[in-house]
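As structure tokens, one chain now follows by itself in the form predicted on its own.
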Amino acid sequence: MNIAKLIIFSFILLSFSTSGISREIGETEITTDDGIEVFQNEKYYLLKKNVTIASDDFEITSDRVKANFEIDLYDITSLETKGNSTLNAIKYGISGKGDEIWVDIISEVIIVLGKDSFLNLQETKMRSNGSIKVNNSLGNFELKGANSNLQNDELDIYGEYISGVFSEFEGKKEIKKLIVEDENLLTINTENLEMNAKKAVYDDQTNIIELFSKVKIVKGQEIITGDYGYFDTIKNSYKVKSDNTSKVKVTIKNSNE
């Protein structure tokens, strides 16, 4: 089968031969084994089988891609992929993989869907069996679904729902706020602690991780349980409290066991 190559710049060139054609700066190059189907009235076109889209800002591969455009084919506003999809957005330090990837180029929103999906935001790694959403322009993200996980140099977090806010300083994206929820108990691991609860909240203004409901903090052989707890990420200190109906419980295991 012929391979169609589409190079987009100030005009559209559609070729059925890859020889002698290479992408230059400012151009977007699209290759597909099964050609291109254009829906001019609906303002989108379909690409099928071994699709690759490469530009200065990103590269996408997938089994199938729907590209929405504003006026002409080169004026892409959003992309919807399905099947074995990968994304590498070099400009934003973002890479990902999933069954489906949605990219809104104008609003800089990226959504990755499917089992074992992942999205890396520079040093922050996000994984989920549901969905991962990053809004690069607004600086927020959201993970939903089983086995959702967020990991960076300081924290390793597991929960059914993880959302947060990030900002960029000197080219590095840093997490400023976090909310984690899981009815079956979330897990937050640091270098020395394991924390469990139904809900956790972090704010970099206080450098405190607050824990709510069915709290458990494990450090070495020590296990402390209660109804509320917090961990000071700067002082490396923690505290657990109880409400009026229960008590804080401390369990110390015998290290010789």
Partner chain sequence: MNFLLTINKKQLIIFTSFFIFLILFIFIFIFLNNEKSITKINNITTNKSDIVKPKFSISGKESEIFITATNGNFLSEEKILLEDNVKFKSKDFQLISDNVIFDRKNLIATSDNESKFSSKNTSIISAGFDITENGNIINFKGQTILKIK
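None of the values given here were measured: they were computed from a predicted structure. Residue numbers count along the first chain shown, from 1.
The discussion below concerns the form predicted in complex with its partner chain, not included here.
Within this chain, Gln205 is remote from the site of its partner chain in the model of the complex, having no heavy atom within 4.5 Å.
Although the partner is absent here, Phe118 lies well away from its partner chain in the model of the complex, with no heavy atom inside 4.5 Å. Although the partner is absent here, Leu155 lies well away from its partner chain in the model of the complex, with no heavy atom inside 4.5 Å. Not displayed here, its partner chain is kept clear of Val65 by more than 4.5 Å at the level of heavy atoms in the model of the complex. In summary, the region of this chain contacting its partner chain in the model of the complex, judged by heavy atoms within 4.5 Å and restricted to 56-64, 221-229, 36-44, 189-197, corresponds to 36-44. Site residues Thr28, Asp72 and Ile76 are all in contact with its partner chain in the model of the complex, judged by any heavy atom within 4.5 Å.
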